[in-house]
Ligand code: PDD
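One chain comes next, on its own, written out as structure tokens in the form predicted on its own.
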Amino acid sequence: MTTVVAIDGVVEPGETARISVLDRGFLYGDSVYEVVRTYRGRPFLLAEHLARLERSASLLGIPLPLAREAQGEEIERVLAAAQNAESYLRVIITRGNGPIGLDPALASSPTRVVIVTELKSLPAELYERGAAICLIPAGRSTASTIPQGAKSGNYLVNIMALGAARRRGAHEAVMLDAAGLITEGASSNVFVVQGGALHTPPLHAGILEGITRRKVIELARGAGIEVHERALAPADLTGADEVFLTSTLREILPVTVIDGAEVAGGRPGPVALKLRERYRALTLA
């Protein structure tokens, strides 16, 4: 595996890359980021990811050190240096270094980091049998501590939820808000199929608008599948014809077990399979 990192434009091997302990990304999670993957060596939906990075930075008041085009060029340089067949990319912008203290005004200029490493895809059998998830009460909206829609490095709620799910043998945690409604996975969005229609929590539920989520909604509507963005309760998942997760790395992953109990007939359903075929075709276009 080859890991290459660029810190403020300086490219070096991952094992030697270093960032200051006084960086606010390290101290407070005061940062924004994007995860991108490649297909045939090319970053997929990069423009959409960089546009969301800009929105996240704007919502948190972090000035971007590079314009979108220049950031894209820097990503291409790091990808070329890594020379992986397929890569996982993480682009991070922190508020920068400064004296210890919560005041954002203490930060100096933002720090930008691009990490490129070899892509590790999920095993094919997970798509064939479906994944297990656990419903984890988060006690509040997962995005309530940051402006809605910002993809921030402050991920402690998600980390704790995923840890709880993994201890119960599940692949992913799906978090519930204070009212007990479905929000999102620790690193995914959630969809159910009922009566041939697709249902997913709305953005105002405090979820992140996933790039893959948005693309799947477009593909579904293009295939004549009704899509409803509405509040979902746990019973909507356990009683669904199909359940699946979406994310940049998972693409479209069927769910067949929730809290240890079989759901959706215990096997991936036709809608998820159809949408995954269409999504994969899009990556090869």
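Computed from a predicted structure; not experimentally measured. In case it trips you up, residue 1 is the first one in the sequence shown, and so on.
Here the subject shifts to the form predicted together with the ligand, a form of this protein not shown in this document.
- Query: So in the predicted complex, are N158, G185 and G210 all sitting within 4.5 Å of the ligand, heavy atoms only?
  - Reply: Yes, because N158, G185 and G210 each have a heavy atom that approaches the ligand to within 4.5 Å in the predicted complex.
- Task: Specify the contacting stretch among 53 to 61, 217 to 225, 247 to 255, 233 to 241, defined as having any heavy atom within 4.5 Å of the ligand in the predicted complex.
- Result: In the other structure, the partner sits against 247 to 255.
- Query: Taking the shortest heavy atom distance, is V35 within 4.5 Å of the ligand in the predicted complex?
  - Reply: Yes, V35 sits close enough to the ligand in the predicted complex that at least one of its heavy atoms falls within 4.5 Å.
- State yes or no: in the predicted complex, is some non-hydrogen atom of N189 no more than 4.5 angstroms from a non-hydrogen atom of the ligand? Judged by the heavy-atom cut-off of 4.5 Å, N189 is in contact with the ligand in the predicted complex.
- Item | K151, heavy atom within 4.5 angstroms of the ligand in the predicted complex | Judged by the heavy-atom cut-off of 4.5 Å, K151 is in contact with the ligand in the predicted complex.
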